[in-house]
Structure formats: structure tokens, C-alpha cells
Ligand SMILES: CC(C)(COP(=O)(O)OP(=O)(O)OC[C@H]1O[C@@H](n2cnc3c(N)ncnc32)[C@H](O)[C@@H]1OP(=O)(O)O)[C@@H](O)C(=O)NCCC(=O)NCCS
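Next up: just one chain, as C-alpha cells, the form predicted alone.
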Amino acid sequence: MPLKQLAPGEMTADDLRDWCSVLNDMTAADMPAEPRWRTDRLRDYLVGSLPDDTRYLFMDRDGDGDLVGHASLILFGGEQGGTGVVEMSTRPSARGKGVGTRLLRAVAECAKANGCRTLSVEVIATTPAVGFYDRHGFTRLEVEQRHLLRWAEIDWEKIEHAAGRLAAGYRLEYHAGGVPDRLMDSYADVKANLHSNPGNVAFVPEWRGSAYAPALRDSFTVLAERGMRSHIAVAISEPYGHVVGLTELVVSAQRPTRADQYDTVVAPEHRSYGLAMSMKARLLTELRRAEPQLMDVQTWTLDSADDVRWINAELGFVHDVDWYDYEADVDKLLARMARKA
């Protein structure tokens, strides 16, 4: 059965079940301690995208009709137009049979046809994917450290203390699902600091910092449509009521026992007051009530982000595994693949 390209909305119930099965087989083989995927709202997860972005899916079935691998390609629009993010999964029993190469070629051809110049991918350092992308000429741009906070090991007394230790002139607010309109503009202003100092935030391809409030509203809306519950703590400067710091976590319906840390950023003039620690601790206390099924929280930091790693260590995060950020020029990738064909 030939490799098939389709839009997310075209997936059948069998496609969704098989997609999840490949993810879980791969997870069991490469990262057995990781939480398994569920089909809960999986269609919503794959369909949802920001207004300027487009997602393409690719499914490769063998002669018996069994799904042996799949790929997702998100092509960014707007200010990040010309770039795309790839996620590929191959069933372990089908490795070494050209499945990954077929999928990557289809992804690259689709990217080129839609004007995409650069493809990015995240790779867990301990998995066979590292060798695959190295062989296909991807360039390793960054090494990130993933840290895990295991729910059963949290020192809640320490967390509560950190959440309540707040410098004078500030207050914290917690919001689920987004932030209210009264805070949106100043929230966007704080987010803009990610562009001037990107080393403070891990690479999260589907959640991009914006200095434009309407784009942030779209982001929160899309997260909810995809079955991803957002939890946010903000630091407010008194007496003006402006956001000067924020931290974000998301819990997805597809893997509800794990929370993903997204951006944490403090406006430059308000740093050195311990706001990041207070916000992250406050958010953990809120998650304890709002998401009682959680088993852990994962976050990523760059090697250079010593201050972020210190805060995470104080909260109980432990280094788990490294992740590599890879990139490839689409034209060069296709040329290399043609030579090897």
C-alpha cells in the first residue's frame, strides 16, 4: 500500500488508532518510562493549528495494510514563514526497511512544494533517531537538557514556601485556559523579551512567543481546541496592574499524566527579585488542585541557562535526558536523498 499524504481532518477512526499505536510502540522501545499516548481528542490535537500555519500528515502502510510509520509537517506562516517542523515515528519492527527515508522524502517534497526552505526537528539523544538524522545531513543546532519533576517526590512544604515568598510591590495571579483581556497587552510585551533573549526559553515549536496580543489569543484558543489545558501564573507589578513576568504549563488530553513547561520569562527591569521562582512554585500548587492525575512535569533548558537550571533544581527538577535540535535546508536535503536513491 503506497505512502499516503492527507489532511488531519481526513483521518478515519482506524487511522487515529493506528497512529497512536505506532507512537506507543516506539515509546515502549526507545523511552519505556515515558507516558503512553491516548486516542482521547487525538483528532483535535492533529487538526488544530494557528491561523497562519498548515499541518500535513503522512502515513506509510505495508503490504498487509498495517501502519509502519507516520509523519507530521507543520509549515509556519507569518513572521516564521518558510520554516517547518517535522515529527516522525516508525514502528520498531519496521526499522531498517526504508520507512523513515520514504517518510522524510515525502515530507521534504511537500515542504518544497509549499515554499518551505528549512526543516527543524527535535530528537531525543538516546534514541535511534539521532543516527537517522545525522545520516541524512541534518545539522545539530542546540543541545537541550530535559528535566523532570516527579509528582510523588515533590517537597510540597518547600514549594508552598517558595510560592508565598514574593518581593514587595508584586502580586501573583493564576489563570487557566489563557489570560484575561485586561492583562493581554502587558502579557504580550513580556513575551516580546523572548525575541531579544531567546536563551531563556526552551525550543517549543508549536508555542511561539509573540509581542502581538491577538496572536496570543489565537494561541490560547488553538491550545484548547487541541485538547491542551493551559495553566498560567503571572507576576503583577503594583500599583499599575501590569504583567511583568509569566510562566506557562500545558496538560494535554492525549498524555494527561504529564505537564509540559512552556515559556517562563521576566521583564528585564524586574529580574533579580525572585519572581521566576515564585511564579513557578505558585503554578505547581495550582496544578496540584487542578490536575490531580499528574505524575510529572517536564521542562527543557539550554546548556547556557544556568539561572533557569538553578531555579528548576530548587523546585526538585532532575536532569533526565538530552534533546537535540536539528535543522536542514530543504533543497540540499532533497539533493542528498536523490544522490542516495
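Model, not experiment: these values are computed from the prediction. Don't overthink the numbering: it's just position in the shown sequence, from 1.
The next section is about a form of this same protein that is not shown, the form predicted in complex with the ligand.
Remark: none of the three candidate residues (Val234, Met279 and Ala290) comes within 4.5 Å of the ligand in the predicted complex, counting heavy atoms only.
A heavy atom within 4.5 Å of the ligand in the predicted complex is found for exactly one of Val251, Val265, Leu148, Val121: Val121.
Residue in contact with the ligand in the predicted complex (any heavy atom within 4.5 Å), chosen from Asp52, Asp30, Asp66, Asp40: Asp30. Comment: 134-142 is the region of 134-142, 160-168, 107-115, 75-83 lying near the ligand in the predicted complex, near meaning a non-hydrogen atom within 4.5 Å. Contact annotation for Gly100: at least one heavy atom lies within 4.5 Å of the ligand in the predicted complex. With a 4.5 Å cutoff on heavy atoms, Val222 does not count as touching the ligand in the predicted complex; it lies far away. In the predicted complex, Thr247 stays away from the ligand, with no heavy atom inside 4.5 Å. For Gly96, a non-hydrogen atom is located within 4.5 Å of the ligand in the predicted complex, even though that partner is not displayed. Residues of 70-92 that come within 4.5 Å of the ligand in the predicted complex, judged by any heavy atom, are Val86, Glu87, Met88, Ser89, Thr90 in sequence order.
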